[in-house]
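Take a look at this single chain in structure tokens; it is the form predicted on its own.
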Amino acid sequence: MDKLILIGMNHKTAAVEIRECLAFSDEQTRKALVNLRSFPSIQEVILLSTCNRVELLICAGDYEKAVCDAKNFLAAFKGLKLNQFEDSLYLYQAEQAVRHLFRVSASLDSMVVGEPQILGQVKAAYRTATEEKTSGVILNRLLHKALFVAKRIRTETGIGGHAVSISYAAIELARKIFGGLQGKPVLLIGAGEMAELAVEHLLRNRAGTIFVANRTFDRGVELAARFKGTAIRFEEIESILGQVDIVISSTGARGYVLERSTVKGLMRGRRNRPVFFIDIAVPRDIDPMVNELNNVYVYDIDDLKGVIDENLKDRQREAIKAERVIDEAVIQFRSWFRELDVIPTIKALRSKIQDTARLEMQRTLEQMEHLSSEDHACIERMLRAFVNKILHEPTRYLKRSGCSKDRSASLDVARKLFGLDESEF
């Protein structure tokens, strides 16, 4: 597998200032793929560019030349000097390259282990390469295997099943308390990024009506319109509190948006129906004393971080299982790749033996005119069985462990022994 190369940088090796200089748009990716494929040293190539990584996966004809060409191309294409980013690059070859790709696809190399976005990004990078015809037999097989491995890891491990973002952790906590969020009305106080992320998770859990209260009413209307919610003015918060079961607050207010006395009065009208407050603002929006009221649950950002830290530990434990799946997949791809080298020789050997046997059979049958068509068919069946049995052991030896230590020497001997490289028999 020495012809497989992976060269790139990620959030571990390069600061964002460097990564953004080498980031590729979709249009740039297509142009870069075509240009890279024009190098004689590069037979196949796929380019993956995300906010956290830029990687080239290459099937090379000449390893040293391909690495040099790829590095210089990145510099020239982005208008940089190689020494501006070369120290941030990592370089993997053969099995290391395969393993890295599998780990990336399964989100084991992500900033947040288990995040789902990377698999879609790998799929998109592969799709672009196939559309530009820069991915061939080897990288096609490798990417199909990578996508299969990533899906298997998500199915067989819990790597993606634990909340690791503030918004997601908040919604998961609410879901556990209520036993499900379907139909539960929600009030968002504030319409920033945290609120937007929370809304996405609420919609996935089929929450009920979502009200949005923001100091800038226009911004509240804008966010509410995106998910068919209802915008209310800040002054209407108290009147809406009695109607909702979940309140998510993420404003930039300097003081408390909700005081204990306000919520206490609300609970009488709710007949002690529970209400869940998620305070993801810093400084806090909700008076901590609210948590002392019966059937009121208040979680601030520190509470949620504790949940996230514990879930990250769970993901790391699941990652150990994922690494085992990857080890198995690397071995399987290595076996396929080794057989790929052998297949042309096996095909040539079978063709040589079959053609020789068929020629001799025809010469013999020409001298035996008394034989019937049934006799001819019987002799042909015997010939096929004979060829298969003769080729069984050589084929088994070439495909499996018999020549694994020095495969090229074994293939060379086989080709010379049977004259497979001669133009005539």
Partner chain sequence: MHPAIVMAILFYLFSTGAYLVYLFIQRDITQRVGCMFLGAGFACQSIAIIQELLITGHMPVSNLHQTLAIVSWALAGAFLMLYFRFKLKVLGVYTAPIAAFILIAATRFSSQPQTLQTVNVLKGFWLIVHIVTIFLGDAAFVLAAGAGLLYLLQERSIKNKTRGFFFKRLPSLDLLDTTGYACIVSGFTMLTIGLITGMIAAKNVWGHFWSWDAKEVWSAITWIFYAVLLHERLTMGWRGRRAAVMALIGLAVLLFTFLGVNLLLTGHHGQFTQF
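Whichever C-alpha set is largest while still superposing within 1.5 Å between the two forms counts as the rigid core. Residue numbers count along the first chain shown, from 1. Worth saying up front: this structure is predicted, and the values here are computed from it rather than measured.
What comes next is about the form predicted together with the partner chain, which does not appear here.
Segments offered: 305-313, 258-266, 201-209, 226-234. Contacting the partner chain in the predicted bound form at heavy atom distances within 4.5 Å is 305-313.
At a distance threshold of 4.5 angstroms between non-hydrogen atoms, Y168 is out of contact with the partner chain in the predicted bound form.
In the predicted bound form, the partner chain stays beyond 4.5 Å of every heavy atom belonging to H100.
Proximity of Y299 to the partner chain in the predicted bound form falls within the 4.5 Å heavy atom cutoff. Taking non-hydrogen atoms only, E156 approaches the partner chain to within 4.5 angstroms in the predicted bound form.
Taking K81, H144, R271, K133 one by one, only a single residue has any non-hydrogen atom within 4.5 Å of the partner chain in the predicted bound form, and it is R271. The partner is absent here; in the predicted bound form, the one residue of I177, I346, A253, I138 having a heavy atom within 4.5 Å of the partner chain is I177. Relative to the superposed rigid core, the position of the CA of I286 differs between this form and the one not shown by 2 Å or more.
A displacement of less than 2 angstroms separates the C-alpha positions of E132 between this form and the one not shown, with the rigid core held in common. Core-superposed comparison between this form and the one not shown: the C-alpha position of Y299 differs by no less than 2 Å.
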